[in-house]
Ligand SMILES: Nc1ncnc2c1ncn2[C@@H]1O[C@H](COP(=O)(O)OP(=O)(O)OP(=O)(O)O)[C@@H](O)[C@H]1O
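Take a look at this single chain in structure tokens; it is the form predicted on its own.
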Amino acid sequence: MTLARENLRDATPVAADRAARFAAEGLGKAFSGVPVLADVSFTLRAGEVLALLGENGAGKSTLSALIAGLLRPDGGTMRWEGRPYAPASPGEAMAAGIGLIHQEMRLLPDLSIAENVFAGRLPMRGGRVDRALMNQRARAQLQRLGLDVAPTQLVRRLRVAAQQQVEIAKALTQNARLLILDEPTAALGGAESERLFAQIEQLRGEGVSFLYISHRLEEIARIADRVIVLRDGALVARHDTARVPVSTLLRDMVGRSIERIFPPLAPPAAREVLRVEALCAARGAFRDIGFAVHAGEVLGIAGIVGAGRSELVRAIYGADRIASGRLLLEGKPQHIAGPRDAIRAGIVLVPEDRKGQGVLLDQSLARNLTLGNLDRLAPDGWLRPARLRRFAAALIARLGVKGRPEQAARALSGGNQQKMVIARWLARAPKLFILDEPTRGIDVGARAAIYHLIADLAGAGMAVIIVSSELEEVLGLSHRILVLSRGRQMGILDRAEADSVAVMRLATG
């Protein structure tokens, strides 16, 4: 790995900043002799939000792990509130007042929300857990974040966005003076993100500091005071204000200019692939939904979190039950009792929770690519290694996945994991391709590749449905946009009439 050092601005030694609450000087880290961080120095003041930017693999997670006690640096030093700081564990970091909210949620699904929020520090009275006090405190914190659910509810019953808010509530109840937020809004919609920003503003007023990691560059100016940028393990830029043009931040991150232009879309065909008529969810997440998708068309589904977007596409895929209504594929009524029926009919889904529902992290790329394709790879029941390797290698090359067939999926970046899931379904040449939050947690460079893949799917004649919490993404990728609000279909906008105002007017109606 070549560690970039050019274009470093404002290279004032951190020792000169005597107001710093936290200071890193010359931090370095290597794995198996390969450097992933080199000579990283920066400061963070009390009540400040410092944005940490960089592509996947730039070293952001490694740097966060060093600060939070998950890893020990190979070189350099840290200071915390004027004293040398070298945590040997996350517990030591938390005891010092530093907490980390991971991008990948680490909740205990079979415990309640309150039990997760206070895990490891349950309030006790008379030798027993004081559940009334625990639930009361958890409920108060959840309400501060705008999450109106019972603290006694099991975490596994929450959607991804709600689980993320529980992670945030857990960290905020620990009275940390420095919070490292790793992609905190990746699973949140606009309203939920604004509530989080309001909470951050309140806490920074109380002197809490934040190291804020995000791929959503548009929110940096909204929440941060300053910006630092990592590229190839080196700190390549510092900005003393967060009001920096997105184009400048992109150039800092990737070392070249990137235009955030979505690929052009060819006009769709007249041939109808999917028709949905009066569809209602079994559990009430949506009702009376009706639309059609044509060959070569990208239909976007927009709405704030809780509108029923993911539930709708899961029902089309057979992962969730429907109460009434019907689906027609190429004019023929379909009875889809589960994902197996959908796959056989030619409907595939890339789920929103990539690592929880789309990838077997500890299995090889080759094994992951066989999922959903065993009927084609092993029609006689025998999966032959040579055939598996050829199959995997062909798909990896086709989508430009940066990995080897024998490599564990866990070792891939988020963007390459997403390409792998898409590649798995491409092998089946489906009629309808559904992608739920296709770029969640993916850096800007990988996003461009995913956008072009989606355009290529439509260009090949497939019908495509995308669900995204990012309005810019829905607007940039879709021929038409279906807008949901609280489970109701508010309208379908053509590309020419769709803009952020029109979509949000319907989404909040």
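Please read all numbers here as calculations on a predicted model, not as lab measurements. Numbers for residues come from their place in the sequence shown, where the first is 1. We call the rigid core the largest set of C-alpha positions that still match within 1.5 Å between the two forms.
Heads up, the form predicted in complex with this ligand isn't pictured, but that's what we're talking about next.
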Does each of Gly300, Gly476 and Val503 have at least one heavy atom within 4.5 Å of this ligand in the predicted complex?
no
Can you pick the stretch from 325 to 333, 271 to 279, 415 to 423, 243 to 251 whose heavy atoms fall within 4.5 Å of this ligand in the predicted complex?
415 to 423
Please tell me which of Arg238, Arg137, Arg159, Arg428 lies within 4.5 Å of this ligand in the predicted complex, judged by heavy atoms.
Arg159
State the residue from Gly296, Gly308, Pro73, Pro87 whose non-hydrogen atoms include one within 4.5 Å of this ligand in the predicted complex.
Gly308
Find out whether any non-hydrogen atom of Glu167 is located within 4.5 angstroms of this ligand in the predicted complex, and reply yes or no.
no
Given that this ligand is not shown alongside this chain, does Val36 nevertheless sit within 4.5 Å of it in the predicted complex, heavy atom to heavy atom?
yes
Tell me, yes or no, whether Ile304 is in contact with this ligand in the predicted complex, where a contact means a heavy atom of each within 4.5 Å.
yes
Contact between Glu55 and this ligand in the predicted complex at 4.5 Å, heavy atoms?
yes
What residues in 456 to 481 sit within 4.5 Å of this ligand in the predicted complex, counting heavy atoms only?
Ser469
Relative to the superposed rigid core, does Gly400 relocate between this form and the one not shown - that is, does its Cα move 2 Å or more?
yes
Taking the rigid core as the superposition reference, indicate whether the CA of Ala88 shifts 2 angstroms or more between this form and the one not shown.
no
Align both forms on the core first, then report whether Gly284 has a C-alpha shift of 2 Å or more between this form and the one not shown.
yes
